[in-house]
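The chain below stands alone and is given in structure tokens; this is the form predicted alone.
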């Protein structure tokens, strides 16, 4: 049976993938230049401190109810799933240390960033996209207000500041959720559990996670603002900007997390 594509169909297929690849490269270039522009603006006056504070509340503090549920359930599930395997090898006493290291090093920052990206990055993309298509951004320029500084820098800074704090909150709740699971399956006391947690964590476990959280916050804020700032085609473009913000931010979070893990291993070893 002949399964070869006709020359015309093959050319169309290659043309389709070529156009998608070129569009992806244009997106990467656009986001890179947008990020460089952020660093050029962030240290230049005027400093919109009140706007940063407002967005810290809107983008960060209002994410706490959702993150509270996610943090507790994440710790409970991790403990429930890990206990039988550790008991099989006679290593059940290492469960608190395993939960602490897994949450602080990897699961806490990544899961929190993905949850916040779904809520915040899409919101930023939709909000700025709506302002773009209704010409409110042009109105700011006419009013002698720099829209990049007022809209992009403030939201991105708020995400950079809030995400490490939100991740620390989720880390604590996840570790506490692990304790709740342990109290249901063993006679572990809170004092013994948290003593094991604290003794298992070192400075080198916490330090890379702090930098990782700030980078994730930067990705969430910047990509949402980029997609909103480059919205076109009316209300259809606003919906596309919101969806694209979540997808691109999530992919970048996973990719950057892989790079940071490799960099950490090169600098500090396996720990």
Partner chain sequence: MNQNDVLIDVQNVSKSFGDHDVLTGLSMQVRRGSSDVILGRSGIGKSVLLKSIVGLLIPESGSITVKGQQVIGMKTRELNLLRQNIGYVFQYAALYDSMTVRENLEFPLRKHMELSEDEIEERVVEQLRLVGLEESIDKMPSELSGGMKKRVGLARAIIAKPEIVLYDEPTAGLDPITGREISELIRDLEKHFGITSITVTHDLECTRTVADTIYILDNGTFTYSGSFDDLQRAEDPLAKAFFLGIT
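Numbering follows the first chain given and starts at 1. Quick caveat: nothing in here was measured; it's all calculated off a predicted structure.
Below: the form predicted together with the partner chain, not depicted.
None of 97 to 105, 67 to 75, 136 to 144, 187 to 195 except one has non-hydrogen atoms within 4.5 angstroms of the partner chain in the model of the complex; the exception is 136 to 144. Interface membership of residue 48, defined by any non-hydrogen atom within 4.5 Å of the partner chain in the model of the complex, is confirmed. Residue contact check for residue 150: one or more of its heavy atoms lie within 4.5 Å of the partner chain in the model of the complex.
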